[in-house]
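One chain comes next, on its own, written as structure tokens: the form predicted alone.
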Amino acid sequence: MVSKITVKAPSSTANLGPGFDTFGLAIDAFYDKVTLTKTKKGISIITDDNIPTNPENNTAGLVVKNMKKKFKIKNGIEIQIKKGIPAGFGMGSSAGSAAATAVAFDKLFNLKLSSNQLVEFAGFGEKASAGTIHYDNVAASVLGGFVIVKTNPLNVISINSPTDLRMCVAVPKIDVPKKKTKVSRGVIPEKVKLVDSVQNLANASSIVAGFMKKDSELIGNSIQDVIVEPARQHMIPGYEKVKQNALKAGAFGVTISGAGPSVIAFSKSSFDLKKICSAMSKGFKSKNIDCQTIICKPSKGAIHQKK
């Protein structure tokens, strides 16, 4: 019988502009690693990172608690977490740990869960950081590639990405509020104009078509959001300059990664990606903010790491 499992899950970017709470994309910028070990009783968390170690306040802890209850597992579980995804920067940090934990639990107890079930259990972890369950980041981290999340009932559609799709991510070195996701969801308008809704729907549909046709240019050119981005951009100092610079440097489209403050530019492998990264850095520099830039591509989902 297996007594210990390690799973690595990728960072992710959600929304992709117009696909609020619906689109997610796994990216190979960062990874979280979770090791689950069977113990006699209880749930314990071991980590060197600055994250809650009370299972009730920890994404991985909540996933284990819910899965233990659902499948009437009597064993205790020790959860070892190694964070690679920066917390609170719109890269799916809580989702990475939650996705890795759900997949590890499934393998540890040989549950043979479906993709939708894994995403649903991983979604419980989002409660710890966002206060609500939403599935765009966890679905991308569990399954990899581009995902479309339908709810009531939950059904995740997964589409492989074009091989030449590349992203430049700028992660600004700024302080983020403790409950950042909650704060950034609070600024979204409750009512939207029909014309804006139609425009976002057209752009979102074009993104899906771009992934289906493996057309990176169509994807990038469709990453335009007239509803959520305008409401959130004031929370990211220098955002307009960062976006403008990246587009001038050759990016197809630029948007806020998830709830921010990271900014993501969409391009393809044949372009000068270092130039785009440099342009984004200069945009943040205009507000005296340093940033880390990463060139990345779509990633596979959570994978079991064999020794």
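From 1 onward, residues are counted along the sequence shown. Quick caveat, the model's predicted, so the values are computed rather than measured.
What comes next is about the form predicted in complex with a small molecule, which is not displayed.
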| property | result |
| --- | --- |
| Contact residue in the model of the complex, chosen from K127, K82, R185, K107 - any heavy atom within 4.5 Å of the small molecule | R185 |
| All of D21, H134 and R232 with a heavy atom within 4.5 Å of the small molecule in the model of the complex | yes |
| Interface stretch in the model of the complex with the small molecule - options 63-71, 253-261, 36-44, 275-283, non-hydrogen atom within 4.5 Å | 253-261 |
| Contact of A14 with the small molecule in the model of the complex (heavy atom, 4.5 Å) | yes |
| Distance check, S216 to the small molecule in the model of the complex, heavy atom within 4.5 Å | no |
| is_contact(T181, the small molecule) in the model of the complex, heavy atom dist at most 4.5 Å | yes |
